[in-house]
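Alright, two takes on the same chain below, each alone as structure tokens: structure 1 and structure 2.
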Structure 1
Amino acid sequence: MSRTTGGGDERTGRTIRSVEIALNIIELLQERGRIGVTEIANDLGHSKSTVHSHLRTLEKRRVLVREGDGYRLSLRIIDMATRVREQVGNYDVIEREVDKLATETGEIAHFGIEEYGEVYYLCKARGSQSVETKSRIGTQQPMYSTSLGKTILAHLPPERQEQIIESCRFEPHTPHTITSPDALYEELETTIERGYGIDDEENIEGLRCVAAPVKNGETVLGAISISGPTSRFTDERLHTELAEHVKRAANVIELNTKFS
């Protein structure tokens, strides 16, 4: 019943059971695609009648649709997502710059935001020679092993930074992954000095990334990055041409963005 809330701070207090059940149903549906009452009831350990009234509620509210024999999530979710995206700063500019970055460099470009102590990809664009990665819009990655994550982390206010790092469970994804708070703090230091963050095969073997922070005054909104194979991402190119590219893109977004 209890889930690991690996993220930032642990919340305590009363929560509402029916809402949690509904969310469990939604999450299950999200994983499985299209399923029926009985399967859901068995999986969640609830009676069919309970699940049934939930499904009815969610269908009435157009969160899900009955399709053939079973239910699936409704397309309204997509509408919601679009609105969420638009609420984040000036999304149009971000998208345009990510696209531009990908075309100019030929590599893969991302824009990410911190939430719950992880990086969420807000948008992504692939250049002409970009490698295929499993990244997908909306998925999250750890902060400590990605260029986006480390860059954002470096520019967060100290107390939030600590909070996140403390609740981090460092798992080595490759031999290069940073696995201790101390090493991470040091890396953040150099990230600040340098003005951009890098990921040297720390998350995926053979993949290097450069990221620059996008700030609004003193607060970080997120970061923008380019990723590519070590073969093309030489030390030379990474620290000159590519670093310049992400910094320029970040700058353009900053200039074009007026936050609330």
Structure 2
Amino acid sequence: MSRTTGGGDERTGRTIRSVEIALNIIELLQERGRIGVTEIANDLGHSKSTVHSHLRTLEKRRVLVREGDGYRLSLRIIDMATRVREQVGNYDVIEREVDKLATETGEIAHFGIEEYGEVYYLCKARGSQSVETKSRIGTQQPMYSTSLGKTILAHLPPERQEQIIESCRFEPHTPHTITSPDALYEELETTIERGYGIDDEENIEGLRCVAAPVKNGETVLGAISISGPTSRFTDERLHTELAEHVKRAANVIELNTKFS
């Protein structure tokens, strides 16, 4: 996770340094758990007095809790996360369908949405024979190398789609990763034609995924997917049984959204 520092005002397009420091501290505690002032100062490159002032402010606002000689994120973060999640319409339906998909297939199921040109995991469930991945609720992945991302990207308005693709760095996560805009546009066309997107070992070697879009009219709300090892996600099963599973789940969410 990258961290930045800066200063200035809105007229120059620069950011407020004190806010960035505070957010960098929160991100560091998110990664490390409980840590002390010295470790935070050394990691972020600020003086201990600067870090201590920010910690006291965040503690006063009950964002952090002091424990012994260290600090951790407070339970207030859970309340914030819950309220953000509830802003997504029909979250209960989404969660139910993700759980059902994982149970039916025995694999990992996800629901993702697009923010800042990346796909963020909103919901995750594990089936009885699932292979664990690094994905966690709230974390993000590239859109060009994931089934969720490509499926959402394929159904975005052309201007937004082009904007995201132009900003892609196209890092080759595996030998199978798409690494050019032309190849990605071609893949998006295929995704539209068949009604679902795939990740063919493009993000993690040995792992394949299939995803279906969840739409409200012409607006794509997100996508739902299942992931598993190549040994179980054969071509035949991927493009028939598994694709039907995600399309069925997407349809249920869409119907509940339409008539809610």
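Because the structure is a prediction, the values reported are computed rather than measured. Please note that residue numbering is based on structure 1, beginning with 1 at the start of its sequence. Note that the rigid core is defined as the largest set of C-alphas that superpose within 1.5 Å between two forms.
Between the two isolated copies of the chain, the second is the form predicted on its own. The smaller of the two rigid parts, set against the larger, turns by 11° between structure 1 and structure 2. Shown is the Cα shift of Arg32 between structure 1 and structure 2 after rigid core superposition, which amounts to 3.6 Å.
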